[in-house]
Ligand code: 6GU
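One chain comes next, on its own, written as structure tokens: the form predicted alone.
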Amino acid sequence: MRFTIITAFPDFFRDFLSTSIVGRAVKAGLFQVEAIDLRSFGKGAYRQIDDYAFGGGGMVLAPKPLKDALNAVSARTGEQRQKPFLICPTPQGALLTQETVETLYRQPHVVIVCGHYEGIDERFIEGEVDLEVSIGDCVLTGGEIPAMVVIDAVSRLIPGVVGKSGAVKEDSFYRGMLDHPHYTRPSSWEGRGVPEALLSGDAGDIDAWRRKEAVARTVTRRPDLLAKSDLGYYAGEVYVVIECGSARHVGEWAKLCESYGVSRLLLAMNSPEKREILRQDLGESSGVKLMPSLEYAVDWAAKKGKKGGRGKGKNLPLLVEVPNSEREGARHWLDVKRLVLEKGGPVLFYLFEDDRSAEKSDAIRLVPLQEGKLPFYGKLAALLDRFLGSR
């Protein structure tokens, strides 16, 4: 991967590109960074790159030096036919998120144009810039510091840049959550101790504590992130039970549930004869469990215990009904997702092929997905993607 920075102050990046993790990665050739001096393309003896803004208000970077610099980059790298992905840090840009970082990581060549003064001539932005980004609701002197932020964030995704590759997946935002708290020695400092789970040496307990704390932090500090979180990783087992009268589409349902990491697909069928026929058709390795009723399925899921087989015993799942039409007392899926994460135990989503309701007093009822206009398979897919889909 390659970064090119077009800037009036190339020396700004000297220390950044020669120290710490980024410096070591550049030296090892894991990615390339080049800083282009915009003044080399300025006009006159003073290499002028800006001019007065029409209507007053200060100096603006002129479009011609910027375009000349961009053309020189393309000519040097042989990219006249394939335009590099060009971004421009500005206060008016979209907020830089991990999703944007992952988009940039997938571009073979990213060019960053650093603005200054009152900004950049809008004609250059309209004609050349693919994405304007902002690192926050504040105004900086120029685009150099945001450019460093972009390079630093993207570089962490490049294999080999971060020593322990798995550590990247534990970062804030990677799974849609904030990171859990961290502690180091001594175990007691100024009267404050380290949580017992971290001192236990039990990897399962430590992992469970970290997931729980990540959820607690996110719910308290950034509840807006919950829409991006992977429910299966943080909440434990996720079961889907479908009450149906036939087995025509079971194979499609099973594949969909498997692809989203559902712990088990449970089918509730009243007819023993139909269950036996379906059992023979599916075989032992289908991953589908047949139940005589919804109530039986709920009880079975409750007895399975917590994720990973720890703490087996009665552990009632949160029951979430997915209706086909509007029902009284229904709740938005984001609100339900928050409840599931706060509870921290198993969750059981149950659906019906027809327009019935379970009428269970202890159930959470979702607002119909897409106002109930989706066919059953589409409803199941939408449900799984909203609750178990990655960012």
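Computed from a predicted structure; not experimentally measured. A residue's number is simply how far along the shown sequence it sits, counting from 1.
Heads up, the form predicted in complex with 6-chloroguanine (6GU) isn't pictured, but that's what we're talking about next.
For 6-chloroguanine (6GU) in the predicted complex, the listed stretch (237 to 245, 178 to 186, 216 to 224, 130 to 138) containing residues with heavy atoms inside 4.5 Å is 130 to 138. In the predicted complex, no heavy atom of Ser263 sits within 4.5 Å of 6-chloroguanine (6GU).
Although the partner is absent from this view, Thr100 stays clear of 6-chloroguanine (6GU) in the predicted complex, with no non-hydrogen atom inside 4.5 angstroms.
Taking the partner from the other structure, 6-chloroguanine (6GU) in the predicted complex has no heavy atom within 4.5 Å of any heavy atom of Ser74. Under a 4.5 angstroms non-hydrogen atom cutoff, 6-chloroguanine (6GU) in the predicted complex has Thr90 among its neighbouring residues. Residue in contact with 6-chloroguanine (6GU) in the predicted complex (any heavy atom within 4.5 Å), chosen from Gly142, Gly160, Pro195, Gly251: Gly142.
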